[in-house]
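One chain comes next, on its own, written out as structure tokens in the form predicted alone.
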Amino acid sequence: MNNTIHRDVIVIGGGIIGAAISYYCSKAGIDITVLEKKELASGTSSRCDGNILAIDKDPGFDSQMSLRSQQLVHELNKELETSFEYRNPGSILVCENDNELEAAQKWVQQQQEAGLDFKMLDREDLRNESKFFADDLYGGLECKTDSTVNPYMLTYSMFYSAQKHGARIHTHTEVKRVNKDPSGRFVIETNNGTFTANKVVNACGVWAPLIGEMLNVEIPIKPRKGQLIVASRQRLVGLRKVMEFGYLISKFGGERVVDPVTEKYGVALVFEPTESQNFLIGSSREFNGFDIKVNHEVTKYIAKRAVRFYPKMADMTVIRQYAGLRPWTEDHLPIISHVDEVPGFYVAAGHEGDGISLAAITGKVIEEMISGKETTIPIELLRHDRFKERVIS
């Protein structure tokens, strides 16, 4: 055991969740070290859009958690030294039939009752939003508080500040084995030497179950693939994030009135202008293991969906396409939790498509749990053991 490096807290995973944990923990004076098997932000954090959204969250706990995260990102924009292209334009959902409009009205009412800044939009509002919208759209809804960031830059920015607060970051350090020694310390063997730690946080996203297995902890997260197209801006199609209402239905597994292929791949319009004024166009949802190859049939259906809502977009130039993996849980909530059967082991993963949205609140809550403080949000619904309870009942 010579050359073993001891740390108080080790975070496994150098994506945006690991970045937020290292930032809030180091700021609170905790001795923290991050181990990342490749480069920082090289997994899901570099293969997604950059939205901090409440518009697509279930009313109540889910949307409140997102709102709190939005507030924290607003503060990070002032605190962090490196800019991460933060903008706060709000976002909208558009409806293409009566049923969606009716569901949207209920959604808005529930969100308003939960204290969020939501309102309905009519056809005229949509025309004012963008002259590129299809004429036959029924209306939609808006969430004023939604913001957007460059996920790469936010990850780097939090890591940069964390290092200034004393956090240590080891890239190209892959965890091969984790166990506990007789004194209760974690022993973490990597391709870059052995570390010991009092506490370990598993922030590995879709790979979190692999780390769990090393400690005989089952973590019920599955990779859910999604694809995006990057198109170049030839004209100013829109200034803020737009999604179709069907995206919510697709996210939560409801019934949509679409063709079988669109349904199969969970294709639903997501349109996002970037700071550089290109456009990100998505999205899709499918379970396909760890495969991140671009499926051109899916790309075709994403493009088709975009043209349905923005007919004049048909002649835009596609710059590139890419796919990423969302860490999916059965109830669409992340696991942000201490694992009681392995004292000192925490999980911060399973955010599905909400890792960027919920990174800040996740980092803050993990710091509070490690420090033994009262948490900013109630964490009962995020506990690791909630899945076991469901099986028993």
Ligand SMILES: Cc1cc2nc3c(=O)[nH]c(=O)nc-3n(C[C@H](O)[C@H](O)[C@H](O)COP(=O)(O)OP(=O)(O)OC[C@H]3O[C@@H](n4cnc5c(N)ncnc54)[C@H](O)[C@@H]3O)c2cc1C
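Just count from 1 along the sequence shown to find any residue number. Just so it is clear, the model here is predicted, and its values are computed rather than measured.
Quick note: we don't show the form predicted in complex with the named molecule, though the next part is all about it.
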**Request:** Could you spot which one of 45, 26, 337, 33 gets a heavy atom to within 4.5 Å of the named molecule in the predicted complex?
**Result:** 45
**Prompt:** Out of 207, 118, 245, 279, which one falls within 4.5 Å of the named molecule in the predicted complex, going by heavy atoms?
**Reply:** 207
**Asked** Heavy atoms within 4.5 Å of the named molecule in the predicted complex: which of the stretches 106-114, 85-93, 258-266, 167-175 has them?
**Response** 167-175
**Prompt:** Hey, in the predicted complex, is residue 228 touching the named molecule, heavy atoms inside 4.5 Å?
**Reply:** yes
**Prompt:** Applying a 4.5 Å heavy atom distance criterion, does residue 351 contact the named molecule in the predicted complex?
**Reply:** yes
**Request:** Consider residue 326 of the chain shown here, and say whether it contacts the named molecule in the predicted complex, taking contact as heavy atoms within 4.5 Å.
**Result:** yes
**Request:** Flag residue 356 as yes or no: does it have a non-hydrogen atom within 4.5 angstroms of any non-hydrogen atom of the named molecule in the predicted complex?
**Result:** yes
